[in-house]
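Shown here is one chain on its own, the form predicted on its own, set out as structure tokens.
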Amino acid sequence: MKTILVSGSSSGIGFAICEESKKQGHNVIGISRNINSRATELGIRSYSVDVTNQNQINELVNNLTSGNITIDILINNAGLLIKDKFRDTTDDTFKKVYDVNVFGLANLTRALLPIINTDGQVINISSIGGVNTSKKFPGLSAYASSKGALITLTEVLAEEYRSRPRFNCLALGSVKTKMLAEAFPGYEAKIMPDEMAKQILDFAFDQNNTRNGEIITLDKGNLE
């Protein structure tokens, strides 16, 4: 049994990861700005945390530390997608996206590292759109570039920590979530959140997996 912490856990892929982890008998901690009312029913330990708020992050770590809780797997799933033509994209747009997808993720990870087991792992959820040479889509200059930055950050941390813990990045294709629907109205993704969650957890809970610093694409259902 593992203790897993998932950011962006209130809906979509994040909630599906928490739900599936709980079904498999693991201890699950979910953090998000808004708490899904079903989380308590499922036995998911939930905290209202905005990853762009350092005080809330620090309070989370203090609560976990006071409870002698250590983390086996951190899944950095929280993300923000703003779709707009580049000529209309402002500094504020880039800042909002990077504050969640890069800076917030980095701050959360840094704060949690002292209570992540040295044989544990950090899994950063990126996008196929951030992978070098992948097909890109108009309107995603802030989002795709932030996900590319996350990929590079993962590779650097893997070298810096040398597998104690391990750092890997999963680059996802399109998944049928509210965030995708808002960005691409009318587009029907080929994969549901629960299906993607199972793929992510297959990687996370693979006892024979010793990968570190790798970028793994899960691109079934990518936009065409």
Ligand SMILES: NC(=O)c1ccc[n+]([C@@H]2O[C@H](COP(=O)([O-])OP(=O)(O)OC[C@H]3O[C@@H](n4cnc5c(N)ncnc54)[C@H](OP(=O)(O)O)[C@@H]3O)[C@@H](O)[C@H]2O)c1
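The shown structure was predicted, so the numbers you read here are calculated from the model rather than taken from an experiment. Start at 1 with the first residue shown and count on from there.
The same protein also has a form predicted in complex with this ligand, omitted here; what follows describes it.
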| property | result |
| --- | --- |
| Per-stretch contact check against this ligand in the predicted complex, the hit in 132-140, 70-78, 113-121, 84-92 (non-hydrogen atom, 4.5 angstroms) | 70-78 |
| Gln54: touches this ligand in the predicted complex, heavy atom cutoff 4.5 angstroms | no |
| Non-hydrogen atom contact Glu195 with this ligand in the predicted complex at 4.5 angstroms | no |
| Close approach of Ala149 to this ligand in the predicted complex, 4.5 Å, heavy atom | no |
| This ligand contact at Ile125 in the predicted complex, heavy atom, 4.5 Å | yes |
| Listed residue that, although this ligand is not shown, lies within 4.5 Å of it in the predicted complex (heavy atoms), from Ala158, Met179, Val61, Ile44 | Met179 |
| Non-hydrogen atom within 4.5 Å of this ligand in the predicted complex for each of Ser10, Asn34 and Val49 | yes |
| Those residues of 151-179 which, in the predicted complex, come within 4.5 Å of this ligand by heavy atom | Leu172, Gly173, Ser174, Val175, Thr177, Lys178, Met179 |
